[in-house]
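Consider the single chain below, provided in structure tokens and representing the form predicted on its own.
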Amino acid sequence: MSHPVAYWRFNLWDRLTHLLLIVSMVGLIGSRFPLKFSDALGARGAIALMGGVGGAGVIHRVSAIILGMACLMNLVSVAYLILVKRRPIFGPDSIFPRGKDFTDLWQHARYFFGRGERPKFDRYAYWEKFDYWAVFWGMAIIGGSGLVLWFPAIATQFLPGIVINLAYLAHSDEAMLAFGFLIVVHLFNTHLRPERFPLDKVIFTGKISADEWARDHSLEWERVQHAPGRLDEQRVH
């Protein structure tokens, strides 16, 4: 029985950091929303399952630490590629935004309205880069405000007391924004697109088929055809 040729797209480090992000987000949302919406159906039961308000707080803080670890691991990965592997910061394989991403966005919008061809994407499409970096600016707001709420006595030694109120608003509103983005944007773009429905398994297995690679990242696929040994190196054996 023959099987389609598959290639490695994500290594173990990439998959592990993504798994940590999933675990942390489930823990953060699951431990906070029942408290924020305590009058909602099932909220009190969920709080009781976590051991009460105190238990939910412990889960929330542990999940926050896991999220911080995942963000740090991603930064280490980016630094490794730039400093050790000598990858260009704005090269075709880079996760950093570049001019082509903005033209791809415009061309993609025209394509949706039947006014042009679908753009060809490289290793990362513009929305994948946006998803990736959204974690970090969200982390700056949620993480910074979360630390203020976690250690209010220390924070108010250097900042006025009103910062506690501002931190609560920023923490709560940014969490709602992040949750909405995950459900409405990330979930659809990653898993609910017709060509990926019902689940894009690439980030979990690390493997991508030749057909998927050529379809979703055609510029990278065309480029590796002319890179000696690149396909053999990434082929799943």
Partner chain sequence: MRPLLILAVLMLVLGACTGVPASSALPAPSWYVDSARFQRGAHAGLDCSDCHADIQLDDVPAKHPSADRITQDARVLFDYRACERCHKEEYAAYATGVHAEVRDGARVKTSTFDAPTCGNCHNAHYAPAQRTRVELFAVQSDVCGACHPAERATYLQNFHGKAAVHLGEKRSAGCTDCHGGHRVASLTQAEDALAVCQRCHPEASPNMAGFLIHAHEELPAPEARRAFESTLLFYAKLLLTLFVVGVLGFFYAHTLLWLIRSLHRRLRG
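The structure displayed is predicted, hence computed values, not measured ones. Positions refer to the first chain, counted from 1.
Form predicted together with its partner chain: not shown, discussed below.
Inset, instruction - Find the only residue in 210, 53, 62, 199 having a heavy atom within 4.5 Å of its partner chain in the predicted complex. - result: None of the other options qualify; the answer is 53.
Inset, instruction - Have a look at 75, 164, 82, 140 for me and say which one sits with a heavy atom within 4.5 Å of its partner chain in the predicted complex. - result: Filtering the options by heavy-atom distance leaves 164.
Legend entry - Stretch in contact in the predicted complex with its partner chain, which is absent here, among 95-103, 82-90, 112-120, 67-75 (heavy atoms within 4.5 Å): Of the options given, it is 112-120.
Legend entry - residue 27, heavy atom within 4.5 angstroms of its partner chain in the predicted complex: No - in the predicted complex, heavy atoms of residue 27 and its partner chain never come within 4.5 Å of each other.
Inset, instruction - Report whether the minimum heavy atom distance between residue 203 and its partner chain in the predicted complex is within 4.5 Å. - result: Residue-level check for residue 203: no, no contact with its partner chain.
Inset, instruction - Consider residue 127 of the chain shown here, and say whether it contacts its partner chain in the predicted complex, taking contact as heavy atoms within 4.5 Å. - result: It does: once its partner chain is placed as it appears in the predicted complex, residue 127 has a heavy atom within 4.5 Å of it.
Legend entry - Distance check, residue 152 to its partner chain in the predicted complex, heavy atom within 4.5 Å: Residue 152 belongs to the contact set for its partner chain.
Inset, instruction - Let me know which residues along 179-204 have a heavy atom within 4.5 Å of its partner chain in the predicted complex, or say none if there are none. - result: Heavy-atom contacts to its partner chain in the predicted complex: 180, 181, 184, 185, 188, 189, 193, 194, 195.
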